[in-house]
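Here we start with a single chain on its own, the form predicted on its own, put down as C-alpha cells.
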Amino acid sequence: MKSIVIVGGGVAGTITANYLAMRLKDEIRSGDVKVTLISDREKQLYEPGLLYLIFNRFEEEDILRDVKYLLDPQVELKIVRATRIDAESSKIDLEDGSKVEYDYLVIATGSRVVPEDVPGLVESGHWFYNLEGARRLREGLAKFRKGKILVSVMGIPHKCPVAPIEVTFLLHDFYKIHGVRKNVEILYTYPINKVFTMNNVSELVEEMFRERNIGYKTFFNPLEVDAERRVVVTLEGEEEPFDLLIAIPPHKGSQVIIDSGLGDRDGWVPTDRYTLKAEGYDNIYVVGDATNLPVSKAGSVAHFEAEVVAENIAAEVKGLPPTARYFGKAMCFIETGFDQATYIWFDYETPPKPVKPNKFIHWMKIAYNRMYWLTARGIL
C-alpha cells in the first residue's frame, strides 16, 4: 500500500488532500493507497476574512470551519502537531510520540507571523494576520476617532500581499462612514521603492492613495518600535510617530520545517518552481505559503499548486510520468473600499494588469468569501 501524507490543515493541505482523494478514489477504495492529513488544529481559518472581521463586517463563525467538515471522508485525519520530518527515512515524528511513514509527502505547513522579531511591536502594535491580533485590532479601531494611523509592512514576503493595501483603503472608508475621516491621518509604508512589488499595481494604488489623501512612504524598513515614545525607528534612520500602529509583521515558515532542516534561514522550503518538488527530494512536494517560490503567498496560489501536486502524485502512484507543471499562476482580488474592488491575474511570465475598480468586482469578492468553503472541499 502506498502512503501519501499531507502535513498542514490550512487551505493548501485540505485542498491537496481532497484533490488526491478524487483522483485516487479507486485506489483508496481497493486499499492500495492511503491518504492522511496531519493538522495541528481542529478548525481551519479563512484568513482573508480577518480583513472584514476587524471592521465588524464578518463574525468569527463566518471564517472558521472544522477541518473534518472540509475533508473528503476517504482521507484519514490526524489532529496532532508534527514535530519533525525525517526526509531521509521518510518518517514524521508527532507530538503524541507516534510516527507516521510515507511514500509521498506534501508539505503544506504554511507561514506564521513573528511580531516578536521587531523589538517593541508586540507591546505597542496591532496586526490582523491571525485571529488573536484581529480581535485586538477590531477593538482598537472601534475606539479610535482622532490621530494618526500608521500601516507599516515590516517584511517581505508575507501572506496575502495585497491585504496591506486593502486595509488602508478600508480604513479610509471606515472613518469616512463614521464622519471623522478629516480627524484621522493615514500613512502607509513599504520596504522597497514603491508601494507594491508589481509596477502596474503600484501605479494604480499610488494614484488612488493621492485621491483619498492617504500618505505613503517607500524605502521604509522598521528596525524597532519605541513603545514609550510611540514611534517606529527605521533602518534608513527615520522616526515615524503614530497613535495607532497596524503592522504587517515579519513572516517565517513553520517551526517544524526549521527543526527538520528542510528550509532556508526563514523556514521557506526550497522548491522547484515548475514541478513543486522539494529540491533534493523526489518524493516530497511543497504547496502554498511553505515554498520559497517568487509567487504570492495567497490562497489562489495554494489552489493552483494543489491541482498540480495532486495530479503528479496520482500519476506516479499509477505508474505514469508526472507531467503537470505550475507556471506561477495567481489571482487576487483587491478591495479598494467597502463597495469597490479590482483584481489581478499573473504568472511567471505575465505581469498583472489591474482593471478599473468597480462595484461588480467587489460583489464578486464578497460572493467568493461566502463560497470559499466549497472550494476548500474541492467542490468548486
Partner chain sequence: MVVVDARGSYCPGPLMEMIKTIKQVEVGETIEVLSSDESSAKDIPEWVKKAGHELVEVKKEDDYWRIVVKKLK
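In this text the structure is predicted, and so the values were computed from the model without any measurement. Numbering follows the first chain given and starts at 1.
Beyond the structure shown, there is the form predicted in complex with the partner chain, which is absent from this document and is the topic of what follows.
Enquirer: The partner chain isn't shown here, but in the model of the complex, which of 298 to 306, 90 to 98, 264 to 272, 138 to 146 has heavy atoms within 4.5 Å of it?
Expert: In the other structure, the partner sits against 264 to 272.
Enquirer: Verify the contact flag for residue 183: yes if a non-hydrogen atom of it lies within 4.5 Å of a non-hydrogen atom of the partner chain in the model of the complex, no if not.
Expert: Residue 183: no, not in contact with the partner chain in the model of the complex.
Enquirer: Taking any heavy atom pair closer than or equal to 4.5 Å as contact, tell me whether residue 294 reaches the partner chain in the model of the complex.
Expert: Within the cut-off, so yes.
Enquirer: Are any of the heavy atoms in residue 219 no more than 4.5 Å from a heavy atom of the partner chain in the model of the complex?
Expert: Result yes; residue 219 sits at the interface with the partner chain in the model of the complex.
Enquirer: Is residue 223 one of the residues lying within 4.5 Å of the partner chain in the model of the complex, judged by heavy atom distances?
Expert: Heavy-atom contact with the partner chain at 4.5 Å: present for residue 223.
Enquirer: Name the residue from 238, 72, 243, 279 that puts a heavy atom within 4.5 Å of the partner chain in the model of the complex.
Expert: Of 238, 72, 243, 279, the residue with a heavy atom within 4.5 Å of the partner chain in the model of the complex is 238.
Enquirer: Find the only residue in 130, 83, 197, 283 having a heavy atom within 4.5 Å of the partner chain in the model of the complex.
Expert: Checked against the cut-off, the match is 197.
Enquirer: Between 189 to 213 and the partner chain in the model of the complex, list the residues on our side with a heavy atom within 4.5 Å.
Expert: Sequence-ordered list: 191, 192, 193, 194, 197.
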